[in-house]
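One chain is shown next in structure tokens, namely the form predicted on its own.
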Amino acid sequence: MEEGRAYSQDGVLSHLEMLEAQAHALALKHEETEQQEEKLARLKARVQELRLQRDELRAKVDLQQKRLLGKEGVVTSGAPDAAQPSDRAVLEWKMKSVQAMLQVFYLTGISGKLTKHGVCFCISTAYEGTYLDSYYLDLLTKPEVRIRRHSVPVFIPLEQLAKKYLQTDIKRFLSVLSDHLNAYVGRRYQADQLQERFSERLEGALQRNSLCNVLVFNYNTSGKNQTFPFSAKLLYGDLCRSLPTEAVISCTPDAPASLARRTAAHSDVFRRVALHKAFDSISSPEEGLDRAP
């Protein structure tokens, strides 16, 4: 009798210690989440501030270009060939325009330096404040602007973007290229985070293509469960975004009805939230989505 009572007390104490440990872990996780949200809010505010500065600088650059062209027209107006500015004036205008453009792009993760042949740009990418990769673009400026060499991945539509923007609007060209690269590394980063942090809840390796605009995986919402009732196919129709435009979620035929009813909610979360954060949300132990009714 005494032995049974002692055993019962030990069991209660063990269970209490386990609950305390879980409560402590949840408190730490909650604190970490709050810190991350505060950091993200600060970063978003800083991004907004930099965008405003960028827009102001762009307006100043445009105004400066118009003034330079106006001055050149006044200086050469009395000459026989007044309609054609001098080669030196055109070169000086181009140099000033490039320098002003470099100053503008520095605020958006694009930096550059003048070279003997033209200009070399560096496009730095990041996702939610985490620096990821840098890509380089070496441009020739004479006799026309063209790409000399680059480190942009082959699956990024660089050639199409160059044909569309490079000769007419180099600022637009660099801005759209930066959007493509940042969206790509953002999708890749989310997929890597999902594989690293939730491998026990995935059935095998996550399937993806080089551009990471198609992701396919089977999953459950509890690491203790050895079955994987959910199947996901995420499609990223907009290559300048890091969130999917379509999330197709389905259940295995033998899955309980309670799980099948969750597919719409999962699809909505995947389309609104970063992949690893969405998975963290739907995988919370409190939901218990993998349990039968």
Partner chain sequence: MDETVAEYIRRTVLKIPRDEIKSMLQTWGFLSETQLQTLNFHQTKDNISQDVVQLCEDNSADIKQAAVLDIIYNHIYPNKRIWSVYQMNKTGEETDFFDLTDFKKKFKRRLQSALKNVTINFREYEDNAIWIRIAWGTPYKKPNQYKTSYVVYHSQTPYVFISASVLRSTLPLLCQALVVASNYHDIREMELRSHCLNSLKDIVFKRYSQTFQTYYPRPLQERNVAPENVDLRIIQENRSEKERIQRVNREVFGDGPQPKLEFAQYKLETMFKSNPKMDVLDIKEPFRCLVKFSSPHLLESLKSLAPAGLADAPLSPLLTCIPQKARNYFKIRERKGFFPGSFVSP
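Numbering follows the first chain given and starts at 1. Since this is a predicted model, take the numbers as computed values, not measurements.
One more form of this protein exists, namely the form predicted together with the partner chain; it is left out here, but the text below deals with it.
The single contact residue among Gln167, Thr115, Thr130, Ser199, judged by any heavy atom lying within 4.5 Å of the partner chain in the predicted complex, is Thr115. Comparing 236-244, 249-257, 22-30, 263-271 against the partner chain in the predicted complex, the single stretch with non-hydrogen atoms within 4.5 angstroms of it is 236-244. Proximity of Arg172 to the partner chain in the predicted complex: non-hydrogen atoms within 4.5 Å are absent; the residue sits far from the partner. Using a 4.5 Å cutoff between non-hydrogen atoms, Lys142 does not count as a contact of the partner chain in the predicted complex.
In the predicted complex, the partner chain stays beyond 4.5 Å of every heavy atom belonging to Ile110. In the predicted complex, the partner chain stays beyond 4.5 Å of every heavy atom belonging to Val185. Using a 4.5 Å cut-off on any heavy atom, the residues of 131-152 that reach the partner chain in the predicted complex are, in sequence order, Tyr136, Asp138, Arg148, Arg149, His150, Ser151.
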